[in-house]
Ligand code: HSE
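One chain is shown next in structure tokens, namely the form predicted alone.
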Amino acid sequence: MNKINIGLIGFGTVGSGVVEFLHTKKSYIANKYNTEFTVKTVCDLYITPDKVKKFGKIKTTKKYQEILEDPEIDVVVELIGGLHPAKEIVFGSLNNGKDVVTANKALISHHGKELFELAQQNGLRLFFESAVMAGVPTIKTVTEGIIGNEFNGIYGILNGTCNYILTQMSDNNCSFPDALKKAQEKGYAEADPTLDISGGDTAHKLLIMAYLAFGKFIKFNEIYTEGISQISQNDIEYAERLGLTIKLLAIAKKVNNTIEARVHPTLIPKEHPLASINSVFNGMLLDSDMLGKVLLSGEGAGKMAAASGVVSDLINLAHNPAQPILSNLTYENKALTVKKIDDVISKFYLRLLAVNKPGVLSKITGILGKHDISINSVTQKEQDAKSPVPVIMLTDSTSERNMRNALKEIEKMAVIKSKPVAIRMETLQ
């Protein structure tokens, strides 16, 4: 029997799920994989012995150093999230000869390359499946399953909170504030949901996937990031009429030696498989050169979904003792550059609230034309002649720079009564 002692740091939702998972599936794992996992010590600032007593004899501590310095612990499972003290914990574990499993997307996205290099130097393993899409085998698909392929693009719905909110707005005619409140009541959104709804959480995950797929470590501030708080019920309704749906999409594309990396609300065709990824589910489309397109989907958050990914890493780690890494995670293609957002080309959906009087539309289209932006279609919602009316425009392909400059000029017009909303459109094959 292969015996592995675990030191677990972070006994929140995911940490408690991992302990419960290992306890519940102990016999199954032992019989099928000839491996016995023992959670020797759990560390958490708020841990007490009674919280773990139903899972057997587990030591508790509030000092993570006790786990790092314990010679009997083989693997450190870091589940506290954030950068500090998570960075010190993971670096310390690898320097103390311990393999690491983590679900920390922020840590991997900011310090992944350094950590992969340290693990390789010390002949150790660093696994992080649950950092992206929880238990859905996203990392393993790229680093093992289709490892011989080169990747042209990644398109992902990677945040369950945002996807739930947009689904509620679409299916139940909710406003953004009402949908957010519902998400918080169900435990899908934090009391402070800023990291989720701003797109920051999704950007961390995209950074990891772009590095694994393209071999380019992109800095966090190089990913253009825009959240969903400006999306209104009007936008949801207009998208529906156009046969489109709005998703917070993570996009990374490689063309020759240039990478686009961006996170923002995106209009996609309703018939595309990603459009059917709803509620708290996540989805990712991988566009590879030889295999073609691969779609992964499943629960991207939650206690057992994340715990499943962590346990998967533990089992893989236990059965690859002589293999420090499953693919060349320290490789970086120095020739690749990141395209600035101003140079990205896309089609746009525009919503403008304009005074309802003759000549307004021609002035708006004149400004767009001045900035080389062609209009594909215009829809004006009928309303009281005395009230400003929403004007919906779909443009042909144009650069971000042109669109930004045009909207700055349009926003200054006296006839425009609110900040213009621009949503990018992506044609997914």
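Please read these numbers as outputs of a predicted model, since none were measured by experiment. Numbers for residues come from their place in the sequence shown, where the first is 1.
Although it is not shown, the form predicted in complex with this ligand is what the next lines describe.
Peer 1: Check each of D343, E190, E117, E144 and return the one that places a heavy atom within 4.5 angstroms of this ligand in the predicted bound form.
Peer 2: Answer to the contact question: E190.
Peer 1: Only one of K254, R351, K105, K98 has a non-hydrogen atom within 4.5 angstroms of this ligand in the predicted bound form; which is it?
Peer 2: Looking at K254, R351, K105, K98 one by one, just K105 meets the 4.5 Å heavy-atom criterion.
Peer 1: Within 4.5 Å, heavy atoms only: does H204 come near this ligand in the predicted bound form?
Peer 2: H204: no, not in contact with this ligand in the predicted bound form.
Peer 1: Is T161 near this ligand? Define near as a heavy atom within 4.5 Å, in the predicted bound form.
Peer 2: Result yes; T161 sits at the interface with this ligand in the predicted bound form.
Peer 1: Heavy atom to heavy atom, is G300 within 4.5 Å of this ligand in the predicted bound form?
Peer 2: Yes - in the predicted bound form, heavy atoms of G300 and this ligand come within 4.5 Å of each other.
Peer 1: Whether D196 contacts this ligand in the predicted bound form should be assessed with a 4.5 Å heavy atom distance threshold; does it?
Peer 2: Within the cut-off, so yes.
Peer 1: 208 to 216, 173 to 181, 300 to 308, 235 to 243: which one contacts this ligand in the predicted bound form at 4.5 Å, heavy atom to heavy atom?
Peer 2: Single hit among the candidates: 300 to 308.
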